[in-house]
Each structure stands twice: as structure tokens, then as C-alpha cells.
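Just the one chain here, laid out as C-alpha cells, in the form predicted on its own.
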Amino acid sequence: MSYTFSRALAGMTGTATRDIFKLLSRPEIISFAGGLPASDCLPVAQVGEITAEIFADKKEALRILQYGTTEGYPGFRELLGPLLKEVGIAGMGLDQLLVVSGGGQGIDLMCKAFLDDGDAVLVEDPTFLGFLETVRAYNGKSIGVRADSDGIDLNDLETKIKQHKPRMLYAIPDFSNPTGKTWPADRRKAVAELAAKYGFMVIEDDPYCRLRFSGTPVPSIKSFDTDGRVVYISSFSKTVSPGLRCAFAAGSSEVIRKLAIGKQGADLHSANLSQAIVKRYLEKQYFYPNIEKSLPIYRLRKTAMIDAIRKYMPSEFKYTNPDGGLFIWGEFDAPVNTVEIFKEAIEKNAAYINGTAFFADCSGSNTLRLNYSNESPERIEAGIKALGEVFKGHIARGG
């Protein structure tokens, strides 16, 4: 049967990660493709304990099983203030906070609120592939901005602003997905100033900042926002559980109200149970101790991957060495096409994401993203060794 899909979805086939997950049912596949937090870090016992407590309280259980308010579960938003202060955002009222169903919904609502057909959106090249897909769904146009080892290039950014008059800029300034880079404070301040000067919105996507295992924390872009142009989105997916789909957006009251209207038409409100679980998780002081327990695990796995890259990957492979987060980004100074080679890598029981999925213009066929968070150090070494053999073979044959 032939279907006529909307223009927004007709050209969309799903992100590269969704397609790759279909290939990973074999347990022997060593996957560096996803962005999953370590299974060892998921607080199974604590969430089980909290859920039992919630349903032992009949009054709260009945509240959870009924419809809730779009803005968030009662008492939950009040607990977000200390988390925001840690990234330099102070004085946010409840009318400036909206609970959303994962950071992805916050991104979707921003696109719904600000994008019309053909509107330009600037992104650091490369950037999160899920954001590029969302912009396509709203018939927007993503335009890449050059980056260096410290993130977005401010000169190229202002050039692109003048050239394209964007409605929005999307940024992951802490341990970027896919590169693992962290923007210094001066670039964050400059981005907030450019947004005020030229009148565009900034989506600051920050799911990773608490997964820092070296270096010094940097204030958020939102902390430098004096014009209400930055909306800060943060998620509990990497610090509590991705399955709970619990996140929040912080911005001006006018913008948050508009996002709430958009959310009402999407899902009315985020799941009461998920919000209640995270609320109690924060109240019972489980949040920070579990992060402290998790950081050595991530540090060990990142170190294992860096060591394996140095040992097994070809010298033409250049890579980032992040201070936190979940990803290492690699680029070949050689005729290597990571799209074409992926099938051979799978045959060697190792998987990655090719870099073209992260570029606004689908370039970057010599790049790839590696995730180290959800495999053991032993499997990381074995997987990188397998990839090294594949890539060295292609380089020896001339591509």
C-alpha cells in the first residue's frame, strides 16, 4: 500500500542510533554506538524503594494515578533551584520552569515555538543528531558553524548570524554530543551577548555537566543571559535514569508559558510517577552520592578507551580526550569512509556511529563517534582492537 506522508516526516528515516540498535541484538557485538549510561550506575534498589514508598501512601498514589498539571508534579520544581545555582543560574521562579518528558521534548517544544518553514538554525559542526532530525521535522534548516578544540568558533558564528539571520542556535557546551568538547566561559558569555545583539534564541542542552571527572566546572550560557534569549534544558537521564524520561526547561516566563501550551497538545503533562520518583530521589539525598559513585566508573572506561586507541588505532586517527560525559570523537587524516566501513566493523563484532549523522550538511565521512560508558574496560579494549584492524587495513589498501 502507498501512503502519502506529511512533508515533515516523508524524508525522515530515523536517526542512525535507532537503526544501529537493531543490529546489536547479538551479545557478542561490542557497541560504542549508543549514549546509554552505565548499567552499573542505574539506581535500581533506590528507585524500587522509592516506588514502594509512594504507593504505600494512598493519598500520593491517587494523585499520581490521576491527571497532573502541565508545568510539573507538585513540589518537584521547587527542588530544581539548587541544581540551577550549581551552573550559575539563580533566582528562577516557578513560572520560569517547565518539566518535560526527556530533554528531547524540550528541544521539540522550542522548535515548535520558534520555527517556521525554512527558518535557519545554527549548530556547532558536528552536533547532536537528534536535534538535526527535529529541525527537519519542523521544516527548518540547520546550518553548521565551524568549531575548534574549545568548541564553537565565534568569528564564524557571527558571520553565519549576519548571513542567515537565524531564529535559534543550538548548543551542548558541556562534554558535547558527539565530540566531548567543553566550551570555555568566555565563549559562553559571547554567545549570550550575540543572542541579545542579534535577537535569536539559544537552546542550551545540558544533560552531561555533572558527569565531570576532571577539570573545573564552567558556568552555563544561561548564567550570562541578560535578555531572556537562552532556554536551559537539563535532564535526569544520565544522572538518575533515562527510562524515567524526566527533564526540565528553564527560561523567561513568557517563553516557558508558550512551551507549556505546546506541551499540552503533545502529552498534557509528563508522567506523574517519574516526577514523583525523581522528587523523592532528590529529597532523600540519593542524587549526589550516586553521581560520586558513577564518576570513577566513567573515568575508568574513558581511560580504557583512550589507552586502547593509542595502542590499536592507526596514527592517522585524531581524537578528543574529554574531561567528562560519554563520548570520544575521532577523525581520520586519511581516505577512510566510516559509512562504508561500518558493515565490516559489524562483521568484526564492533559498532560505532559514523560522523555524517552529526553534520548539518551530512559531511564528515572520515569521522566517527565512540561511546565508552556502557561497555567494560575489557570489552572496550577488544572492540577498539577490532576497529583498529579494520581501519588499518583500509588505509594500507589506500582507502
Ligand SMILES: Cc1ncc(COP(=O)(O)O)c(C=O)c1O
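All figures in this text were calculated on a predicted structure; none of them were measured in a lab. Start at 1 with the first residue shown and count on from there.
The form predicted in complex with the ligand is left out here; the points below concern that form.
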Within 4.5 Å of the ligand in the predicted bound form by heavy atoms, the stretch out of 274-282, 219-227, 167-175, 314-322 is 167-175
Any of the heavy atoms of residue 251 lying within 4.5 Å of the ligand in the predicted bound form? no
Does residue 121 make contact with the ligand in the predicted bound form, using a 4.5 Å heavy atom cut-off? no
Contact flag, residue 126 vs the ligand in the predicted bound form, heavy atom cut 4.5 Å: no
Check residue 208 for me: does it contact the ligand in the predicted bound form (non-hydrogen atoms, 4.5 angstroms)? yes
Of 258, 160, 245, 212, which one comes within 4.5 Å of the ligand in the predicted bound form, counting heavy atoms only? 245
Only hit among 88, 81, 140, 102 for heavy atom within 4.5 Å of the ligand in the predicted bound form is 102
Taking the ligand in the predicted bound form, which residues along 234-258 bring a heavy atom to within 4.5 Å of it? 235, 237, 238, 245
